[in-house]
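Given as structure tokens, the chain that follows is alone and in the form predicted alone.
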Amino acid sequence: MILTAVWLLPALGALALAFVPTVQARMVAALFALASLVLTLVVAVGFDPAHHGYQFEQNVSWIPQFGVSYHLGVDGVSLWLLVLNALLTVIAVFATDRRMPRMRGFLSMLLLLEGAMAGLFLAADLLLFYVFWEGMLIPAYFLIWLWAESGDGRRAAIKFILYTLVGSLLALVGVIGEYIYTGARSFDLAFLATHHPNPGIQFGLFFLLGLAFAIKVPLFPFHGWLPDAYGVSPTPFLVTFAGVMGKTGAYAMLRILIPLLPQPQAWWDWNAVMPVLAVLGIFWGALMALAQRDLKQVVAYSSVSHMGFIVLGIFSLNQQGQQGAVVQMLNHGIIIPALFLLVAWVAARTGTRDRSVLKDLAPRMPVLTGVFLIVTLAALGLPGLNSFVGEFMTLLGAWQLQPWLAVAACVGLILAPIYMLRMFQGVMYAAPGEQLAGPLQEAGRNQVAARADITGSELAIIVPLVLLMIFLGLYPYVVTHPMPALGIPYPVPWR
């Protein structure tokens, strides 16, 4: 029952917020989010890395005439993503401003989103997985539309929902096709992995499901919804939106596409196409990040680039690459929320996110500068911090698949220090004699000095993420250890 409680508790918290005064909403949401985090940590502590297969399983017949079951389980792939989801929700709740309009509704949507994503990571039945997959869209749509910080929230929300609904409808056809053409008359993932359709059918099903998952990642060139959605979304929502939701698409590729649709002897192998798209995404995201003036858009496009490494690792089809992809999912989910928080705090103090205007903030914000430096170094893959390990493992896996893919990805990787260091140095320091420009110059430097440095509450929000960047950079074994002995509990190419 503990796995049911993991996804159901946040949903109950969202319901409970309808019955509490607005002034208490943040405290109640924090209590439910913390309780959910405690439950996931209980699962993590009780997890046995030596056990092969799902743990803490619940398997109850749901629609027996169609072989649908309420089947939940956690393994070495989903375990830390589950913990990440709960941790980032806690951070998102505490990062929510007390002056947030319609506070109860906003926090309710955050908790509903957490519950849906937790259920997705736990689902061991394909139809149940799809139910949670669709469940994520509802709170995400309203969070983009109703709580947009700037710009046209409605346009961004509609663009997001159109992209994802197209993918979801294709995925539904793929789910039904998998059920029919396997002849298994079951939606159980482990069972489906041993009953494959013929190669021609697999070709079509891979296209349908792969496109849906690629949109959610998002993988180049299906990322068109991301700049608008990230640009208008409030920062607390971005913590979970960018930190976890994109990982659901990559997780689905590893959990569903590869084990269920290996495509043997197919005339066209999608497994050969996906790494190429991943490398193109690495390049495209990095080049677009270089072209942006808005700090938020720099971070958004850097996310597209780094998600390319995750997809590259998944479709390297070997142990090092796929383990590295899971490690990098966790790393990316720690770094990107921290970057969005820092950008929001800089903008709140200066009134702008334009990197061409911001200069020489370090003397006024030494603590924020120090935190920003660590996060920047982690994002560009400095050895000793968490992102280096994941990127190295995915590149090692890519080299075993095709050396030219690893070389191409390395060239793309060179661009990351350029746009990240340019963002950090441009905002925090100035060349000798260089002055503040634009609105900051007109208002004078007192505008920056009015709220000089990071506050204690803000530091408390981001410190757990910074500590994880250091810890996982020095000790990634805690993430990789459960996977060789457990991994996905049915055949995959590297088992």
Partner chain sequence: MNGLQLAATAAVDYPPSQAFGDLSQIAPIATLAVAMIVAILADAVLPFPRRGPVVMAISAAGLVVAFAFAFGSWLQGGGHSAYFGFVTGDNFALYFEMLFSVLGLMTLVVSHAYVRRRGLYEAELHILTLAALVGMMALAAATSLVTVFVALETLSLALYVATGYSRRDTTSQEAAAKYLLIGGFASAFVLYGMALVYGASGSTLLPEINKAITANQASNPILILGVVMLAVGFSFKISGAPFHQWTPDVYQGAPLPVTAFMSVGTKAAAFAMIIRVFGSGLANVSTEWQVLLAFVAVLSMVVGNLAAIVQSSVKRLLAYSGIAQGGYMLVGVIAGGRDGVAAVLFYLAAYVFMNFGAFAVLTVLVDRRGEHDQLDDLTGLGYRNQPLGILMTVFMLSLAGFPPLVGFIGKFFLFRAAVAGGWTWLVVIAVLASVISVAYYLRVVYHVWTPSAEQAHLRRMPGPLVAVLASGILALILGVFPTLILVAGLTGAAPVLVAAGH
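Because the structure is a prediction, the values reported are computed rather than measured. Numbering follows the first chain given and starts at 1.
Form predicted in complex with its partner chain: not shown, discussed below.
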item	value
In the predicted complex, the one of Val357, Val273, Val173, Ala184 near its partner chain [non-hydrogen atom within 4.5 angstroms]	Val173
The unique member of Leu162, Ile414, Ala291, Ala348 whose heavy atoms fall within 4.5 Å of its partner chain in the predicted complex	Leu162
Output flag, Leu287, Phe372 and Pro403 jointly within 4.5 Å of its partner chain in the predicted complex, heavy atom basis	no
Residue stretch of 335-343, 252-260, 418-426, 162-170 approaching its partner chain in the predicted complex, non-hydrogen atom distance within 4.5 Å	162-170
Any non-hydrogen atom of Phe47 within 4.5 angstroms of its partner chain in the predicted complex	no
Exercise: Ile63 in contact with its partner chain in the predicted complex, heavy atom 4.5 Å	yes
Non-hydrogen atom contact Tyr130 with its partner chain in the predicted complex at 4.5 angstroms	yes
Contact test in the predicted complex: Arg102 vs its partner chain, heavy atoms, 4.5 Å	yes
Stretch 124-150 - residues with a heavy atom within 4.5 Å of its partner chain in the predicted complex	Leu127, Tyr130, Val131, Glu134, Gly135, Leu137, Ile138, Tyr141, Phe142, Trp145, Leu146
